[in-house]
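The chain below stands alone, shown as structure tokens; this is the form predicted on its own.
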């Protein structure tokens, strides 16, 4: 099973668990032997590229898909066969799926009205006939207002979704998910439709919602910035499996294998095959692959690794240097955007701090610890 960041109390059960779950569509296995525990109070990100199986995994947790094998558990109970409504899990998609003809108030209240009122009781005027319906409607209205105030929607309750900004619509979707006090939140790419400024503020809003509710949160995303900035723990999913599950800093600084190393980071990690060029950065490079992140690779007049500058791309605060070694290995180095650049075709000497180098077995791709 996955690593757990906190130390659960004795007898504490995960809010949600996937136990050796696999999913096939015909002959194609999209999720294979997947296990993950998610405890109350944790914020976990399931991070992977398109096609990695992360959305299918979320759908199995929510009850929208049945696993081909394995179990879905909630607090020690097998819920694999339960329908989504019976799991009390809040599921939030990137589209928000708000009802355009309903007000904010009505959108937030919808899950409670569907769960607590019969179809007849939901008809207009039903409360005039039944005191019980009136009492239920009053309780729903109170809970709706409470959640709306928590998410700063109190002044918007009578507006329609079309009258709201993208960030406001996002908060309405969060409020609708929160209103029925779910056991866990499953967030499927919730920030992908937002611009950069709004994305940053909404990240903090979701984190604050997590802190204030104490619920288990699972964020499914392809965006590393979302995962690294929001999650306590990240499960990196590659080809239907968890490649590594650990805190964000460990994922970045100590990737478990070559695939994770190449996937994590703003820029793809440079990997040098065993031989003279890898050994130029670290003595162990004669027998294993040596990885170095572009931001750790630096121009060093005394550096033992040489490469030719093929192009440079200015990105404001940073400049990307594209280089090629005599053996034909393509390298990327990131330097300060204010630094002066050598001419294209110049041969450059390169080095990197030993503490920022990574070793990988050339056959298995697994991490090999190397001493600085």
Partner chain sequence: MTLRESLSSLLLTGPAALALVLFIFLPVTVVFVLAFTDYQIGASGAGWVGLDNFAQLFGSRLGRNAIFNTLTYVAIVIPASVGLGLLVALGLHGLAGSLPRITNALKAVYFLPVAATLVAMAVSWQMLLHPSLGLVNTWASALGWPAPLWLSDRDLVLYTLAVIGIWQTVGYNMVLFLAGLAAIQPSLYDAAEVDGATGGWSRFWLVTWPMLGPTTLFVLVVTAANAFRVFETVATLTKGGPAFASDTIVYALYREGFVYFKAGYASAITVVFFLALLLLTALQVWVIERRVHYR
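Positions refer to the first chain, counted from 1. On a predicted model such as this, the values are computed, not experimentally measured, just so you know. Here, rigid core means the biggest group of C-alpha atoms that superpose within 1.5 Å across both forms.
Only in words, not in the display: the form predicted in complex with its partner chain, which the text now covers.
91 is the sole member of 246, 260, 91, 227 with a non-hydrogen atom within 4.5 Å of its partner chain in the model of the complex. When its partner chain is considered in the model of the complex, only one residue from 267, 222, 75, 180 comes within 4.5 Å through any heavy atom, namely 180. From the list 235 to 243, 283 to 291, 148 to 156, 103 to 111, the contact stretch for its partner chain in the model of the complex under a 4.5 Å heavy atom rule is 103 to 111. Residue contact check for residue 163: one or more of its heavy atoms lie within 4.5 Å of its partner chain in the model of the complex. Not displayed here, its partner chain is approached by residue 122 to within 4.5 Å at the level of heavy atoms in the model of the complex. For residue 97, a non-hydrogen atom is located within 4.5 Å of its partner chain in the model of the complex, even though that partner is not displayed. Looking at residue 64, you'd find a heavy atom of it within 4.5 angstroms of its partner chain in the model of the complex. Core-superposed comparison between the shown form and the other one: the C-alpha position of residue 102 differs by no less than 2 Å.
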